[in-house]
Ligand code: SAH
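Next up: just one chain, as structure tokens, the form predicted alone.
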Amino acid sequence: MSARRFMINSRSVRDGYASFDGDIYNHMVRVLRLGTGDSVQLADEKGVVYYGTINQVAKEWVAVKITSSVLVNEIDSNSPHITICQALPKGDKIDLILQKGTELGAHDFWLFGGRRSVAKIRDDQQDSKLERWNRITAEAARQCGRPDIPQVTWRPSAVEAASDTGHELRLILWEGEKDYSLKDALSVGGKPSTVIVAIGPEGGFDPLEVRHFSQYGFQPVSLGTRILRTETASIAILAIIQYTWGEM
């Protein structure tokens, strides 16, 4: 049987060893019942896969001795890096967006507080929310066999999200756009190396936000007569771009 793979943070690796407690320890030792001498693979958020064997199992932590490592290609090296710039939706919709977006090859996720977002993130909640969101992408990457982990970051508003990008192709999905379609945008020029797509919350973008994004080079595009839920829009756009420029 091949060695089990675990998604880790690169900070866990030091001086030829990796050590864990918490969820990784529980899954490795208590669920899978791995022990000293068992071979494992450890993949971090930078696309590095470490090969090693369990060296020590204590009551609440486990240590792995690293024998070799390799920098692997991302899930689809021929696809552009796709950033999903998502206004925070309500409830657990963000979980689905992060899970399915990871499966579909999103490079990273920029979450921001939209003017029409029902859900709000207080300053004192940001760290815990980001930790949880990044755990979701790590687990999704593990389940679908991705060697890298999409990073989730937070921006307080559309202004910060719009102004903080150097992506080659910048799109904003907006139901108010009547003349320029997504198909038009993907038919112009060759394949870009980086793409960012801004997606609004349940109530859509405020016109002022659309103006902000447009000022920073985002092209408003229409999905035609269909009005998609915010969680559906991110899945749809990733699948379309992967079909157009990836290997899907």
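Bear in mind that the values here come from a model prediction, so they are computed numbers and not experimental data. Quick note: we count residues from 1 along the sequence shown, nothing fancier.
Keep in mind that the form predicted together with this ligand is missing from the display, and what follows is about it.
Go through L34, A43, V195, V221 and name the one with a heavy atom inside 4.5 Å of this ligand in the model of the complex.
It is V221 that has a heavy atom within 4.5 Å of the partner.
Tell me, out of D108, D164, E175, D95, which residue has a non-hydrogen atom within 4.5 angstroms of this ligand in the model of the complex.
Selected option: E175.
Indicate whether V62 is a 4.5 Å heavy atom neighbour of this ligand in the model of the complex.
Result no; V62 lies far from this ligand in the model of the complex.
Taking heavy atoms and a 4.5 Å cut-off, does A233 contact this ligand in the model of the complex?
Yes, A233 lies within 4.5 Å of this ligand in the model of the complex.
With a 4.5 Å heavy atom cut-off, would you call R11 a contact of this ligand in the model of the complex?
Outside the cut-off, so no.
Do I199 and this ligand come within 4.5 Å of each other in the model of the complex, heavy atoms counted?
Yes.
Counting only non-hydrogen atoms, choose the one of 167-175, 152-160, 100-108, 138-146 that falls within 4.5 Å of this ligand in the model of the complex.
Among the listed stretches, the partner-contacting one is 167-175.
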